[in-house]
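First, one chain by itself: the form predicted alone, in structure tokens.
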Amino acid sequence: MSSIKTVAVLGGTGKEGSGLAMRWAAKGYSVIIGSREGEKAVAKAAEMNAALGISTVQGMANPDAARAADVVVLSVPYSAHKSTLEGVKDAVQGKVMIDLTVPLQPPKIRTVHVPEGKAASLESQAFLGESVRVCCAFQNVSAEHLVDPHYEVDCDVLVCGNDAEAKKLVIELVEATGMRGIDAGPLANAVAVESLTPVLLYINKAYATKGSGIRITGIG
């Protein structure tokens, strides 16, 4: 039986965050939508409950959402990454955090940018400290189809982290979305995973599509 009871999605009013939250709520997880503005989170939660015919999704300001959850998902633009971490640092201690952030540098979002800390999730780990088990995942998944919980997303999800048990929890959440989770090694490998996103964005434009993703071949 899963040890995950409650998942907080910080930035859960955005496309990718709300899509993942919708899928987890549909699978029976208790989901909290987090936002800088608590009222915005409450409104989004009510919208999800209505769409799914449930009443379990809650909305809170980011620090309250993080404090109430077992697993915290960070789904914010890189420009808001540091400030969001600063606001929830105390609330996430001792927990698993899944960082979805990609260090895109507008307007050149289709060109790889390696930040000072090498990867957004590595920056999270350095800032939050070792008691927070940071994993990176979902960077290479298009948000276009996530909002439909019945749509089968044709993409694998690479999961990086330094804690084996934390990665297992993340892969459980990946599989709950209908995708396949792949253990992609330590958090240092997040440099490669995050760098794939601008490559996929380039492919989307070059081939006039919105949902390019990745598949790992050769494993069962």
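The shown structure was predicted, so the numbers you read here are calculated from the model rather than taken from an experiment. One-based numbering along the sequence shown.
Note that the form predicted in complex with a small molecule isn't included here; everything after this is about it.
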query	finding
In the model of the complex, the one of Val132, Leu122, Val112, Ala80 near the small molecule [non-hydrogen atom within 4.5 angstroms]	Ala80
One stretch from 164-172, 148-156, 33-41, 179-187 that, in the model of the complex, holds residues within 4.5 Å of the small molecule by heavy atom	33-41
Heavy atom distance at most 4.5 Å to the small molecule in the model of the complex, all of Thr6, Ala26 and Gln58	no
Gly14: touches the small molecule in the model of the complex, heavy atom cutoff 4.5 angstroms	yes
4.5 Å heavy atom contact, Ile98 to the small molecule in the model of the complex	no
Val72: touches the small molecule in the model of the complex, heavy atom cutoff 4.5 angstroms	no
Any non-hydrogen atom of Ala91 within 4.5 angstroms of the small molecule in the model of the complex	no
